[in-house]
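First, one chain by itself in structure tokens, the form predicted alone.
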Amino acid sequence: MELTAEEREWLDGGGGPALKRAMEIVVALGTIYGAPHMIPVESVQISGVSYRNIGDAGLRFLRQWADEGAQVRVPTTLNPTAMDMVRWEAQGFSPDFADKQRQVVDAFARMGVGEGVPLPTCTPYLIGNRPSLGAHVAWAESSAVAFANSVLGARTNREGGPGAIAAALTGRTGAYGLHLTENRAATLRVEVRAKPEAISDYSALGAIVGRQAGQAVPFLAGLPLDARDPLGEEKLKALGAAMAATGAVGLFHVEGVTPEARATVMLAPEHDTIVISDLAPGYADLSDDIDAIDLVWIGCPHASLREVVLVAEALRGRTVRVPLWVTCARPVRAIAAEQGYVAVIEAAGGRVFVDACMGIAPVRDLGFSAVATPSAKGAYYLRNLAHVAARFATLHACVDMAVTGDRG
């Protein structure tokens, strides 16, 4: 691999042990994937933040970086934690777990993530980390990667946890994968004959496509989306998140909508075609046969302000019988609170938490065993990571379940 003089100096230890280790990681990854050289990146998003997932070994790993004086070189944001970093007691976390989760975030803060004040979220593009068309970034969380590549037209591979940290410390990643134009052409044409309407319909569609696409780059034709749709970005967010969860899709194109599809039909000469006529399997395949639910969770990926408003309007004047939690980024909650929507949700008995993702939380330890959600990704993670039963339904159906106590 060709390295610049500066990169070679870092690899040789000229910038200290932390930077040397980071260069060793990015060079090793680049070599594995055949990158001829490094690419400077404009921003990084790091995964592997939940203490439930990384445990004490991961915490020691992060402390080592911080203790050696590691500092990020580009704007860097964190993936969600397992808990609300301030109101964790209201969620039912133990003081011991909360202390370990705080230590994880503190280690990242010492490395300069978030300029020393990390704001954990899987939607960094909603809090200012929003790369432009063609920008090279190094992001790790699957839904954020799909959004950056597809909706914004930025360029990133799906980085692993250590790889993302290394990219943040060096400001570099290898020139391979989705950073290269030749790898961004669609390899799967998806004819959408179903008529998705709600955000969760796009999530269901994504779940169906993801299972069939695997690592392909889908080109979706026939979606009823245009620039006038006030929830268009939320629908694309849900679509990409589901494809990334049930498959390994890091980039998709929507005919006439996403930036690279608007510029040219990004369809490789050799491609497969599938037809989606019914969204029902997308809901059914991610719903367990359960007698009752004990939590409704909305906000996977983290809810936008518009999604918080949808929840508030669906709850206005009603009272929940089953706990209803909305998760979002801290700045999004602050705006929603200022505009009165958090008060509406809490007046109904719901809660709006920040920083956290239930898919990577010890959900059973919090007392929940069956969770309803309007997110295919959320349902997938609840079943496969949190190991609880899930009910995947529309947002309004989920709110109704919280109000009536029925499973829907």
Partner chain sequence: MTGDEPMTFTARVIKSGVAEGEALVSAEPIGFLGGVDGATGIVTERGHPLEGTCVAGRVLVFPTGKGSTVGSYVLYQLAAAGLAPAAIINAESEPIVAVGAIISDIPMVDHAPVDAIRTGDRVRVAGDCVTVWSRN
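Since the model is a prediction, treat every value here as computed from it, not as a measurement. Numbering follows the first chain given and starts at 1.
Note that the form predicted in complex with its partner chain isn't included here; everything after this is about it.
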Notebook entry, point to check: Given that its partner chain is left out here, which of Ala389, Ala397, Leu19, Ile25 has a heavy atom within 4.5 Å of it in the model of the complex?
Noted result: Ile25
Item checked: Contact residue in the model of the complex, chosen from Ile54, Met38, Val342, Ala66 - any heavy atom within 4.5 Å of its partner chain -> Ile54
Check: in the model of the complex, does each residue in the set Tyr33, Arg60 and Pro162 place a non-hydrogen atom within 4.5 angstroms of its partner chain?
Finding: yes
Notebook entry, point to check: Is there a heavy atom of Ala370 no more than 4.5 Å from a heavy atom of its partner chain in the model of the complex?
Noted result: no
Margin query: Quick check on Leu29: any heavy atom within 4.5 Å of its partner chain in the model of the complex?
Written below: yes
Next item on the list: Please name which of the stretches 46-54, 342-350, 357-365, 371-379 has residues with heavy atoms lying within 4.5 Å of its partner chain in the model of the complex.
Entry: 46-54
